[in-house]
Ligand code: FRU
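Next up: a single chain in structure tokens, the form predicted on its own.
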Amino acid sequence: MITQSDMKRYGWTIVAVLLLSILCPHTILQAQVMQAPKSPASPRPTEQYRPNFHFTPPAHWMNDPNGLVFLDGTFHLFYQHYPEGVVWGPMHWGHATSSDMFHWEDQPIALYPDSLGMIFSGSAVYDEKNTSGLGKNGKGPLVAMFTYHNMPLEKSGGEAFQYQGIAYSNDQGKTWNKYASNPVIPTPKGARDFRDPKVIWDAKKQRWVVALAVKDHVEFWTAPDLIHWTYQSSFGANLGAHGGVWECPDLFALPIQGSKKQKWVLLVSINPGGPNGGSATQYFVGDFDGKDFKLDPAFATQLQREQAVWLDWGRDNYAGVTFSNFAGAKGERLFLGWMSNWDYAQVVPTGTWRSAMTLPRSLSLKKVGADWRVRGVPGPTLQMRDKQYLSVGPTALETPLNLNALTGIRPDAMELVLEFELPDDPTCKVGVELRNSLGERYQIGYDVGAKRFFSDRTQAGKNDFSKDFANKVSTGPRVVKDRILKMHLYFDTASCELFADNGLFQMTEIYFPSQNFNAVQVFSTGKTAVLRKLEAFGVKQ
């Protein structure tokens, strides 16, 4: 029953719910406004396309996340950074810190180029046992391992222009010192692309392991002390996606969902060669004995069928790696990626800054039939919800459900949780559409007949800056056959991240509307799907 006080509290929100019930008499509509929106939480970013809740540099260029490490309650994000322009230039390591992966505090630049070269991608670890001897006052240091890129040597035609160096910090990452005897791994003979070291601690063998991208494969090296490294093995020269350079490997163990066992996962980014064009990240599942990475037999069969297995099917999740010194309650890994694509990253229409990071994702491993799937869901550290605006369901989507009629939710700072019951109709598509007053629109959803998810930014606004940006609709396959489809989405000014089927499918894409999207609707085409559940949340500012 709606009381007079309800009307005073919720006003036209309740009226809109009633009208929908009257206009759709065959629809079972249950809408509950959990808390009516009051005033906007805080002003939107003043720069066009600056995200509300994704990390961006305060100014200038950013690409790969580097040195992700957790220490004493603080997450450290280092990143590829050029502090003098909004396009790629001589690389530094920018630095930001957070206690929750949502609110970030900018820190001074951590690493600058020097006589050995620019500071390319790499990783950071907490050397708790002080194996390196670089600690101080009885405590182990933070140690960063990175690729030096010697541009003059490259331009002169030399091959040995990439090699690995280290730096260390004894004040929790505030200041850094380069190791005096860098490089710690000189360029092997014939290795033209030799970069992006990702270091882990091998507890069984009590030594460090580093995975390095070497043109079209990954090499594994080991050291007792982060300084004296020995080559162990290579992997991947004839496996997975090729056609582009392999970059940013990451090796880690993951728990198998529903089991007490674990498998090893190797992430490898590739550019170009992604499933929808340009940059993307593939993965391999297998076993690692401290020296060799060997494919799991089931994954080897899966790889023959799929050619490559992708972590994210969108065009804008690249070079992502996981945090060292941090694991979830069940051993999950926390992942962060660069939310762009080398096809157009340097020409997107942002102003004083370029690029954002994805939201952190918690990774685990699940067997789906005979296949292995890395499952990614929003990170456990995220506490982003401001107030629950709306809960709806179940309802048959005979017409699009206009969320603006029900609540004052902002589609440029929004989290949506949707659950559909799909009809047996190959013409049916379900999803979410954002619009603005200029008629620009962005759609993301699922095509029942094609059995594929899709992200359509072809009409989402500015796209003339690159012929590759909106030349087609991005798609990716669904790996389960359940009639119930779950979609968890985050929209932030100029980006969308989709986690479908409890994270078994991930898709990340950016877009650039000429003016912010201000309308959002949930739709179903063809035979009507049933919206079993909808929860809409605003995001804290």
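Every value quoted in this text rests on a predicted model; they were computed, and no experiment measured them. Just count from 1 along the sequence shown to find any residue number.
This next part talks about the form predicted in complex with this ligand, which is not shown.
Taking this ligand in the predicted bound form as the reference, which of Tyr126, Trp104, Phe161, Trp342 has a non-hydrogen atom within 4.5 Å? Only one listed residue qualifies here, and that residue is Trp342.
To verify the annotation, which of these, Gln282, Thr395, Ser121, Thr358, has a non-hydrogen atom within 4.5 Å of this ligand in the predicted bound form? None of the others qualify; the residue that does is Ser121.
Since only the chain is shown here, I'm wondering whether Phe78 would be in contact with this ligand in the predicted bound form (any heavy atom pair within 4.5 Å). Phe78: no, not in contact with this ligand in the predicted bound form.
Using a 4.5 angstroms cut-off on non-hydrogen atoms, would Glu247 count as touching this ligand in the predicted bound form? Flag for Glu247 set to yes.
Counting only non-hydrogen atoms and a 4.5 angstroms cut-off, does Phe465 reach this ligand in the predicted bound form? Because no heavy atom of Phe465 falls inside 4.5 Å of this ligand in the predicted bound form, the answer is no.
Trp88: heavy atom within 4.5 Å of this ligand in the predicted bound form? Contact check for Trp88: yes, within 4.5 Å of this ligand in the predicted bound form.
In the predicted bound form, which of the stretches 440-448, 177-185, 192-200, 425-433 has residues with heavy atoms within 4.5 Å of this ligand? Contact criterion met by 192-200 only.
Let me know which residues along 295-332 have a heavy atom within 4.5 Å of this ligand in the predicted bound form, or say none if there are none. Stretch hits, in order: Tyr318, Ala319.
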